[in-house]
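Okay, here we've got a single chain as structure tokens, the form predicted on its own, with questions on binding and movement later.
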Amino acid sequence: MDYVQITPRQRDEMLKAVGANSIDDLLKQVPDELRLARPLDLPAGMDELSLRHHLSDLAGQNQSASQKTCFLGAGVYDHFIPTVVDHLAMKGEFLTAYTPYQAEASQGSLQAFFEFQTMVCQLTGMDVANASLYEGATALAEAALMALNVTGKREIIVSQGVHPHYRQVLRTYLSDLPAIYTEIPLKNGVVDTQELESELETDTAAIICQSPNFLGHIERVPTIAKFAHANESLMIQCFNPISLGLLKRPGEMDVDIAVAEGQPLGIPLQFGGPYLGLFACRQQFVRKMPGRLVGQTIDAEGRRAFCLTLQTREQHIRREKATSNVCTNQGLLALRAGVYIAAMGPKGLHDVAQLCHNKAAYLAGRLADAGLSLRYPNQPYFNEILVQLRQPVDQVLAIANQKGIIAGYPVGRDYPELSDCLLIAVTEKRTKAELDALVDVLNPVGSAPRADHARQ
């Protein structure tokens, strides 16, 4: 937004036009007890050079993942981003996160979104993908609303293995709707299928599970999908896009709607956002899909062209018939994800996924040598391991931080029964030396021998 400085005369003319004698007259409706009776406690103004030094000092107090060894995951990961992603995304033609209202006038942006949708479909094995949503949490919530609309049923069953923040957003979405929110507990770190079967009702619209789940474990998605479809409910999976370089795709496991946080696809950690919501589904549900869908067509001269095929928001004429209130898409971040996927290709994505898993397996083996075990050792994992510590988690994190290591996420914040556990994420960026250094921090009795561990 641009700000225009006005003269005192212009100010007086504006006040007169609204029937006020002073700025205070405009604030008469604010009670005196709510007004600040003194000037704001702000420092004196600075010249530009001094201000730059001051801001630089403030920024220097922050320490990013590039300055420390980062094992923090829990939904957002420190992956390597090829230079080409930044180079293309920063071009002036693309450097906007907003979608133009006269969309067809921006053929370059529409083509980028079309290619992004295509790559998301190839990645997930699903029939159709939209041009992105805000981030993973709202993508999941929109999937639940879509399931309610598709089935006409009212209950959403959610695994406690779904990201706690996603579940919180979903509860907020459903709080003022005639919908029932039901959580299924975990058993040995994964969905308790017996409990799930007992909770299924004829009014269940969908089952939601995350795989790999928040604790890092790979769920039995095909089995859960069978429960859902036998009950004429939809199956919704929240997935890690990098994991699909190794694991079965949602479309191969009979999933109806697949959603994800797209941050691992070439998007920096950037202080927690903005991020990117991935959303894909079966072709039969396309007209209930939230957001917008870019399609390919031809123009009046027969040339290849792109258009917004579906726009489900309430402001695009549909009004009360709208299937979603999502008003935009994360265009710039979808572009980054598209460039990342294209640059990496199938082999690159496979190699990244393999490295993440192999390094996590090496760390698990080294921790076993140090006498530290996984909380659920029999559960398969991708790149995050849940380690049971013998010291208070906060103490371990503080010691690691002093050594320049962000050791992981204390899951006891969200799962009190796991208050002695640390969730450690391993990406392709972590080196053997960094993994060994983490073991030395987590091992309270000294360094363990560095045995070679077979890759899992």
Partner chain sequence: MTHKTEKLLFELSTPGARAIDLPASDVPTTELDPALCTFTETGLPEIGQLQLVRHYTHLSHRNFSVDDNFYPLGSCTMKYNPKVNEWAASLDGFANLHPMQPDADTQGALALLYHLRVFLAEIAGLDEVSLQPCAGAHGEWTALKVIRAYFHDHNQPKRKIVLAPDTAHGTNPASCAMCGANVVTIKSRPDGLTDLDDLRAHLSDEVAAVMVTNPNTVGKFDAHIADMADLIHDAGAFLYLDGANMNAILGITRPGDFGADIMHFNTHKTFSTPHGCGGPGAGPIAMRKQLAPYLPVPQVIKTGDSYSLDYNRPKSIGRVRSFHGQFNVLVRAYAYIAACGAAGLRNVSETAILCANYLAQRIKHAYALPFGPPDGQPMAAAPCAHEFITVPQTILDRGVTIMDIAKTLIDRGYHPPTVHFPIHDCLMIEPTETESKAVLDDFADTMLELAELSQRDTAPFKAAPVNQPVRRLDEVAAARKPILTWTPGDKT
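Residue numbers count along the first chain shown, from 1. These numbers were taken from a predicted model, which means no experiment stands behind them. We call the rigid core whatever largest set of C-alpha positions still superposes within 1.5 Å between the two forms.
We do not show the form predicted in complex with the partner chain, though everything after this point is about it.
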Q) Given that the partner chain is left out here, which of Gln330, Ser159, Ser233, Asn213 has a heavy atom within 4.5 Å of it in the predicted bound form? A) Gln330
Q) Which of Ala225, Val190, Ala144, Val294 has a heavy atom within 4.5 Å of the partner chain in the predicted bound form? A) Val294
Q) Pick from 130-138, 193-201, 369-377, 180-188: which stretch has a heavy atom within 4.5 Å of the partner chain in the predicted bound form? A) 130-138
Q) Phe113: heavy atom within 4.5 Å of the partner chain in the predicted bound form? A) yes
Q.
Residue-level question: is Leu335 within 4.5 Å of the partner chain in the predicted bound form, judged on heavy atoms?
A. yes
Q) Is there any non-hydrogen atom of Thr151 lying within 4.5 Å of the partner chain in the predicted bound form? A) no
Q. Taking heavy atoms only, is Gln284 within 4.5 angstroms of the partner chain in the predicted bound form?
A. no
Q: Can you tell me which bits of 324-360 touch the partner chain in the predicted bound form, meaning any heavy atom within 4.5 Å?
A: Ser324, Asn325, Cys327, Thr328, Asn329, Gln330, Gly331, Leu332, Leu333, Leu335, Gly338, Val339, Ile341, Ala342, Ala343, Met344, Gly345, Pro346, Lys347, Gly348, Leu349, Asp351, Val352, Gln354, Leu355, His357, Asn358, Lys359
Q) Ala433: with the rigid core matched between the shown form and the other one, does its Cα shift 2 Å or more? A) no
